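Just one chain is shown here, as structure tokens, and it is the form predicted on its own.
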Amino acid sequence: MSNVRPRIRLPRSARPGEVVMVRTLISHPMETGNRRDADGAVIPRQIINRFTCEYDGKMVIDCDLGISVAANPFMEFDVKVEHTADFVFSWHDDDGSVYTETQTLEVG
């Protein structure tokens, strides 16, 4: 799906032991599976059904999302950071696609 666009907001830097707020939003045309097309056929469900985030290779959040999740799901959570490392964000789509973004947070 070419019009899926993840956005991530991390602080520019942090101190060791600081708790930082992480915000993510993914632009995604959600489909509930309850609507029909012009011919009367059911439009298949297509939602972001799982979101994960790892910091320094360790899982910090793993959410299963259901049919009532909004289009363009927004996630906000806190993470305690100890050193410079990568955040890896993944959004899993019903069609099997996984959208992944990586960002490094400078800690020092």
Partner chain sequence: MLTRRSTLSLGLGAAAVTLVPLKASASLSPLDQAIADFTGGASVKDDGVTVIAPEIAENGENVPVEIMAPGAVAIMILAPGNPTPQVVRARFGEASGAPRLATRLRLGETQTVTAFAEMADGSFKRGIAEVRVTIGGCGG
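Quick caveat, the model's predicted, so the values are computed rather than measured. Positions refer to the first chain, counted from 1. Definition used throughout: the rigid core is the maximal C-alpha set that superposes within 1.5 Å between two forms.
Another form exists, predicted together with the partner chain; not displayed. Remarks below refer to it.
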Any non-hydrogen atom of Asp39 within 4.5 angstroms of the partner chain in the predicted complex: no
Check whether Pro44 has any heavy atom within 4.5 Å of a heavy atom of the partner chain in the predicted complex, and answer yes or no. no
Would you please decide whether Ala85 lies within 4.5 angstroms of the partner chain in the predicted complex, comparing each non-hydrogen atom pair? no
Taking 4.5 angstroms as the cut-off for heavy atoms, does Val98 touch the partner chain in the predicted complex? no
Would you mind checking 49-82 for residues with a heavy atom within 4.5 Å of the partner chain in the predicted complex? Tyr55, Lys58, Met59, Val60, Ile61, Asp62, Cys63, Asp64, Leu65, Gly66, Ile67, Ser68, Val69, Ala70, Ala71, Phe74, Met75, Glu76, Phe77, Asp78, Val79, Lys80
Is Gly40 one of the residues whose Cα moves 2 Å or more between the shown form and the other one, with the core superposed? yes
